[in-house]
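First, one chain by itself: the form predicted on its own, in structure tokens.
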């Protein structure tokens, strides 16, 4: 039996004591909060207990005991894989919860699932928050970016905990209430889509330097480290530089050269693309990044195709340093274009799903703790501070100047990559997005005509309102 004093001392519970859950729990404990943890895996519970010596925390492998430890009204956070595991945990929790209790899903759940769960739990009198958490193991332990959505009053209940454990930039916590319903999980999904795309662009610059210029791992380390000290400063750039200097304990070689060229995914990038298509908000660089991960899996077919379409990579000639400068410039331009796509998608979702997102706040909480944190986010904050209804970052005066200053280098890099035979589809589609977005006229009139020709789908005219149909083969 649990002593009443012990039962009342735990302010929040954590379900799922894997890497993320355990580290976030320890983070909460570090900040003075009494936290109870639960996992069906007794080994994970024991691991928590061994790390919790002297802390106000407790581990349990019995869900009834776990829930009984929590102060009423209870607040229970889950950090378990998206999908069926989330529903399974909710099902296990419900018999032990009361009306007014709060469940927080801090995993990478699909935002539409979050809406369904919130409605179902609300009918039972249980509050529900969908909370995106970014920063990986290190972030969970020492300060992630946290993206909560759901009832504002539910967020206020746990705001002190979330603000305490979040990363901080200039003293500001990287967490804020984003909006009702699934707003938090939608923002986290787009965050991950941007992450996919930026990683793809970085990988393409790596390929251009490795196969196009013949740089070795030490040189690659130096280039990415140098770029991280400039306008492209950011977490992904920082870790990329570190990666090239890591030695493989097994072979003594550089670890990067022992890693298979296959990149799998857990689905958040795909969800971003699907949502963008539903909302008719184009995110072509994110779409391409998802597709390239898919293509990487076809290693056997790629090898066969290489034998059929034999064409060696042509090494770049000329001033190497000048090309590296162009490449860094192109990467920066591409990165702006990726953020522009992601923010435009959130603008569309904010209207469609009535999230009423404050995109300056989104950019602000992404500045620390999260995977896509970068110096560029300060400029993005400024853009939305200047104009809250900005439909696309490419229309911001300052960011547009940055794109204009770098676009010619992006064009040169794409052109030289095509001539050399180095695949840079992310950089190519980013440039295509820019050129299409800045084009006052697009050849969509021909597409309208084709659709009307073969399917009588009608078309619109420049000189008259309404829709029209033509018998195209009629003499």
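Numbering follows the first chain given and starts at 1. Predicted model only: the values in this text are computed from it and were never measured.
Absent from the display: the form predicted together with a small molecule. The rest refers to it.
In the predicted complex, the small molecule sits within 4.5 Å of a heavy atom of residue 196. When the small molecule is considered in the predicted complex, residue 392 lies well away from it, no heavy atom lying within 4.5 Å.
Although the partner is absent here, residue 267 is a contact residue: one of its heavy atoms lies within 4.5 angstroms of the small molecule in the predicted complex.
Put simply, residue 85 is far from the small molecule in the predicted complex: not one heavy atom of it is within 4.5 Å. Contact annotation: the small molecule lies within 4.5 Å of heavy atoms from the stretch 128-136 in the predicted complex, the single such stretch among 318-326, 378-386, 77-85, 128-136.
Proximity of 205, 331 and 416 to the small molecule in the predicted complex is absent: no residue of the three has a non-hydrogen atom within 4.5 angstroms. A single residue from the set 192, 182, 109, 200 has any heavy atom within 4.5 angstroms of the small molecule in the predicted complex; that residue is 192. Note on contacts: among 336, 371, 166, 213, the single residue with a heavy atom within 4.5 Å of the small molecule in the predicted complex is 371.
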